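Single chain ahead, by itself, as structure tokens, in the form predicted alone.
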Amino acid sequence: MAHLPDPSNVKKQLIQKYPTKVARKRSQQIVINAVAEDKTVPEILANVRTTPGIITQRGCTYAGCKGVVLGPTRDIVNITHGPIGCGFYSWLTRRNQTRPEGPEDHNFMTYCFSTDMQDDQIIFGGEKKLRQAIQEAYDLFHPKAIAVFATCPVGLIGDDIHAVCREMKEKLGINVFGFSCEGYKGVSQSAGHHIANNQLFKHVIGRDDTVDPHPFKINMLGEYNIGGDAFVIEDILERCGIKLVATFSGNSTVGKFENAHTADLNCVMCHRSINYVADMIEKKYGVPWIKVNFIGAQSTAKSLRKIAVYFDNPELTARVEKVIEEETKAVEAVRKEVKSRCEGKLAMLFVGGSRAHHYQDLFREIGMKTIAAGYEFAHRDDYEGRRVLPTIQVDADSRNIEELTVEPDPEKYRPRRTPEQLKALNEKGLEVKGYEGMMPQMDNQTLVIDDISQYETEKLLEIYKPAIFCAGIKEKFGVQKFGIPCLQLHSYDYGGPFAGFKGAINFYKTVDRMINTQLWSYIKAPWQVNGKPLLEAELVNS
């Protein structure tokens, strides 16, 4: 591996052009990683509003609620209430995939529903139009449920979407519920995830008490079936003999959500988007949760073994080991071949959710080093581990999100494990209700950057010249103009799935193709060809 620049000097270069106040704030959001023996790491500033004027990767609260959490559910009609210009996420924008059981089953994911508010509704109110839209959707599609999402103008004019939903729920006899997920409600899309999950917990989970007699029933939380990831995981679980009750919310249905409380274990993939749902289900219904990661072959094997340890059944353990052995042969053959061409090269990951964390395992498996990483919408615990939750201050933005008070259900609460059994599992090495965070698993002297800006991205590319940069669609083309491949990890472009063993093989081959092609050496940005900037400006103080 080539000699790397001093990260302290890199950090200075990233913030030196900012005004003093902005530089001070960004300095707290850019941390040089240092992992102590007890796995503690430096504190990072996260989940704070982006400084106006900085180009960020983030999405808004509405994007997180409609676009991320509810978007992958196929049989709920999701209506965006607002002007169509605010309704980008009304239509499916990520490559969430779904698989209806039969031709008669509903699939509304390919449709776009919006009230398309006009000027007169902004002035006089849009509740009448929302009521009409719900009625029209019901008459056309007869769905099992209808969800309504508020955009910024709806919150500003004060439309009571929840009153309209209650009225239409009584009139139509189906579940109709709303989300006050106006874009300005939070720091980032993270607030939208929380609003979405709160409403699912209040209005959907727990409505169907039918218990499947299968002995090993789990839910998969925080998996959104990008590019078919959930299909791969479902196949692995089925071969191991594990029953999947519900996935939140990839390849999901309202019926599976309603029945989710009958599972015996919740497995949390993206803890940022959904760990509070796991907590609430445990409090109300008695279902424990563990952290899992099905990104990376070794991580997939580790997660399957964790599930087997939880159920403590010799037959299940044997089936899990058999599947791991069968899959590992094919994975290892590809991994060794690809590693010979990728080892020692640098990667950077700036993606939302847990992706900037989980995908480091895949790069590690083919010998690549992640030199810098960060999240778009993380909180401190995503970086530093769940242990820091008690030290995170509750600010005004956090108070925008409804905090549900949850008590054990007097009829449905059934603890799946006693406190003594959970303690015994922890002593056996199975951490229940915990996650380590990204920083303890990264190397020392790497850079951890929260809410990276476009300017900082370009500086990192100039300084490190990584072999690959992972981000979303907004950043992709800017990165490619530097002659550096950008792997789009929000929707995988046309690639994937990348989950599980087969996904790992796909990932190895994809990265190998991207970083070892000569194509990037031919790409020159216009300013590189001309030898001068296309546009210059000076700051003028009036």
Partner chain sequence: MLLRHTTSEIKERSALTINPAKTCQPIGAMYAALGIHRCLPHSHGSQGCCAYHRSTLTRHYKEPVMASTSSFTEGSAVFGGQSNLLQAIHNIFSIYEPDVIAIHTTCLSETIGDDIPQIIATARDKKYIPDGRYVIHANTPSYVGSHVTGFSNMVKGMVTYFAEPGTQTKTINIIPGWVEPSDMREIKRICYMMGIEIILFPDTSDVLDCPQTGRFEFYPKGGTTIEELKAAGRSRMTLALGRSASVAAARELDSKCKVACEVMELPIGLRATDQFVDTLRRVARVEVPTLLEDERGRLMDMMTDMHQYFAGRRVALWGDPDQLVSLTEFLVDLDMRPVYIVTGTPGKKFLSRIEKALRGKVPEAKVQEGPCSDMFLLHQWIKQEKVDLLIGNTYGKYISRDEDIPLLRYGFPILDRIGHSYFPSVGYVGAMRLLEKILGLLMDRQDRDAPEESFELVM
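Positions refer to the first chain, counted from 1. Take the two forms, find the largest set of C-alpha atoms that superpose within 1.5 Å, and that set is the rigid core. Please read all numbers here as calculations on a predicted model, not as lab measurements.
In what follows, reference is made to the form predicted in complex with its partner chain, a form of this protein that is not presented.
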### Query
If you check in the model of the complex, do S27, A46 and Y359 all have a non-hydrogen atom within 4.5 Å of its partner chain?
no
### Task
Note which of Q393, T418, T110, T405 lies within 4.5 Å of its partner chain in the model of the complex, where distance is taken over heavy atoms; exactly one does.
T110
### Message
Within 4.5 Å, heavy atoms only, which of V309, V211, I174, L156 is in contact with its partner chain in the model of the complex?
### Response
L156
### Task
Quick one: find which of 442-450, 248-256, 89-97, 286-294 has residues within 4.5 Å of its partner chain in the model of the complex by heavy atom distance.
89-97
### Message
Since only the chain is shown here, I'm wondering whether K481 would be in contact with its partner chain in the model of the complex (any heavy atom pair within 4.5 Å).
### Response
yes
### Query
Using heavy atoms and a 4.5 Å limit, would one call P83 a contact residue for its partner chain in the model of the complex?
yes
#### Entry: Contact flag, R58 vs its partner chain in the model of the complex, heavy atom cut 4.5 Å
yes
### Task
Evaluate K509 for contact with its partner chain in the model of the complex, applying a 4.5 angstroms cut-off between non-hydrogen atoms, and reply yes or no.
no
### Query
Can you name the residues of 109-124 that have a heavy atom within 4.5 Å of its partner chain in the model of the complex?
T110, Y111, C112, F113, S114, T115, D116, M117, Q118, D119, I122
### Message
After core superposition, I'd like to know whether A525 moves between this form and the one not shown (criterion: C-alpha shift of 2 angstroms or more).
### Response
yes
#### Entry: Distance direction in the model of the complex for the C-alpha atoms of A525 and Q57, relative to the displayed form (3 angstroms or more)
farther
### Outcome for the Cα pair V164, S90 in the model of the complex, compared with this form (closer or farther; change of 3 Å or more)
farther
